[in-house]
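Below you'll find only one chain, the form predicted on its own, shown as structure tokens.
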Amino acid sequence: MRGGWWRLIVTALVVYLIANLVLSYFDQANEPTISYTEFSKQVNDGNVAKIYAKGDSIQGQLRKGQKNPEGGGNYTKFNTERPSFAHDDLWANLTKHNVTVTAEPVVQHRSFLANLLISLAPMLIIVGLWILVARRMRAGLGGAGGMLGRKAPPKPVELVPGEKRTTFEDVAGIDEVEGELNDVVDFLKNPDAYRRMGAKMPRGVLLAGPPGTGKTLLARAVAGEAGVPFFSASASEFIEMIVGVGASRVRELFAEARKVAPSIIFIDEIDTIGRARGGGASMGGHDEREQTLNQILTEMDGFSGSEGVIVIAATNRADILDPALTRPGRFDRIVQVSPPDRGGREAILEIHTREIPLAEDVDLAQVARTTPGMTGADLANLANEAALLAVKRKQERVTQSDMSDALEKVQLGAERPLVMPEEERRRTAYHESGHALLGMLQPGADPVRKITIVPRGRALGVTLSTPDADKYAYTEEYLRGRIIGALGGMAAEHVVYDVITTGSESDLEQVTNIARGMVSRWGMSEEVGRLSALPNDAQQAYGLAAAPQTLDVIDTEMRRIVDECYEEACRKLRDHRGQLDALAQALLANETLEEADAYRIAGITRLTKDLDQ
């Protein structure tokens, strides 16, 4: 702070000198100095109204403004100097022309004190602002952040009167996560039992998982089950342009939580401020994110375990968090929140349809089977879309058809009113029939649920295939089947029309990703071997994660796998050309084929298994 005061003093002196110069200029700008000859001429012409003399210095004022012969424009008031050798009878001349000789100066100059006060005014304003900023800093608002205004202290999330608190009854599909968090709830309810045993609860719980899996809902449920105050904040709220504000807000948040302990602090998207440090983006360790992260680490280290404050954080990118944040003693319990399985999806759908009137034909178990990979947020959106469709159709209840149409809209996109030429429509029918037929013929492939040539989203047609049960590991045979199915559209166009169109763009992207994973990450190539040559998401930096020779081998193997699958796709479609034509003709006639109709027209028996879990 000492250096800051020196800068303030130097700034004030500079401002004072500049103000004095400006004031002096304006004080004398309208008082030109004229020659004594000019003065005598004006007296003789009777144009001088009054003068004031002090020694040989004379000030005066004209009756009518005159042009200064020495330059400088017109003047009315003036200064002049009477030469010491002049022996003219000045008094007599002045009396003759009725010139008043005053006892006070004609031109009133500001006093030294007035000039001093005016000069000091800007400096006093600067000092006042500096003191205000210093007081805000001492008040803990962090650096110059006080200029942004003091924010109200954080408060627990309050319920709307009459609203029920979120509990584990409102959370479904993630039972294993509930088990992890039940320990936290029990500790908040019965802290004395843990203290007697000498046990300490985790100071922080990190919920990691894809977006929409219910991390925020879980944190609210923990607070609701334990019946304790719940402080919620997004990590981005701590970040400000002015360095230090985030750290001060973290201090205030933890201080308020301690006052009402036991309590829960929930920080959403903590990867915003919790990224690994030392990446070169910060300037000398004073980056705002680093200061905020350091403050969180300090506050969590300060927990004694008896305070009853537990920090729950959520992130989609646990892999980029700073190691100091996830070490034992801070976020020492990391809970993976994954998308729900089939039973979990059914339970989630039941929760989100509590207030939606369902028709008797709605089978939530069937909907759950056809929605693998969907998160809780996706299923909530699906239920809402079905309700919106029922309203548009002026129905009293949501039917199974509404659920199916809503699922198509969510998964495939909204229908487009696009009128295609008949030839292009026929080619699209063969394209989709190729996808569907290969999906039916390939052993272990996902069953075909629907085929349509109605344009949806960016696609001119869609073939929807989903597994009967959730898959967590994939065999090489299954992945090759996925590639063959994805190439089915291009292969059908090749077999029937001997052309290749741009309609296979998204198919080729899917094929490329699967083939790259097989060769470079999952050890399914003898040439590359059992290596993870492009680990994680290295395809984003393709060419930087492996040696050039390895990349050449990966490229060769990818091409080999895709070429083999494409040849097999073409061969199967030629061998089953009659079934391909039948599917295409049915699509041209009906535009959309459901699962049962598609298998019946293709003449293929759909093998079903007991899929109850």
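Sequential numbering from 1, following the sequence displayed. This is a predicted model, so every value here is computed, not measured.
Keep in mind that the form predicted together with a small molecule is not shown, yet the notes after this line are about it.
Q: Heavy atoms within 4.5 Å of the small molecule in the predicted complex: does residue 212 have any?
A: Within the cut-off, so yes.
Q: Examine residue 383 and determine whether its closest non-hydrogen atom to the small molecule in the predicted complex is within 4.5 angstroms.
A: Contact check for residue 383: no, nothing within 4.5 Å of the small molecule in the predicted complex.
Q: Would residue 127 show up as a contact with the small molecule in the predicted complex if we use heavy atoms at 4.5 Å?
A: The answer is no: residue 127 has no heavy atom within 4.5 Å of the small molecule.
Q: Using heavy atoms and a 4.5 Å limit, would one call residue 348 a contact residue for the small molecule in the predicted complex?
A: Contact with the small molecule, yes.
Q: Quick one: from 377, 356, 500, 260, grab the residue that has a heavy atom within 4.5 Å of the small molecule in the predicted complex.
A: None of the others qualify; the residue that does is 377.
Q: Within 4.5 Å, heavy atoms only, which of 326, 216, 80, 411 is in contact with the small molecule in the predicted complex?
A: Checking each option against the small molecule in the predicted complex, the one that comes within 4.5 Å is 216.
Q: Which one of these stretches, 434-442, 169-177, 473-481, 190-198, sits within 4.5 Å of the small molecule in the predicted complex when only heavy atoms are counted?
A: Careful reading of the contacts points to 169-177.
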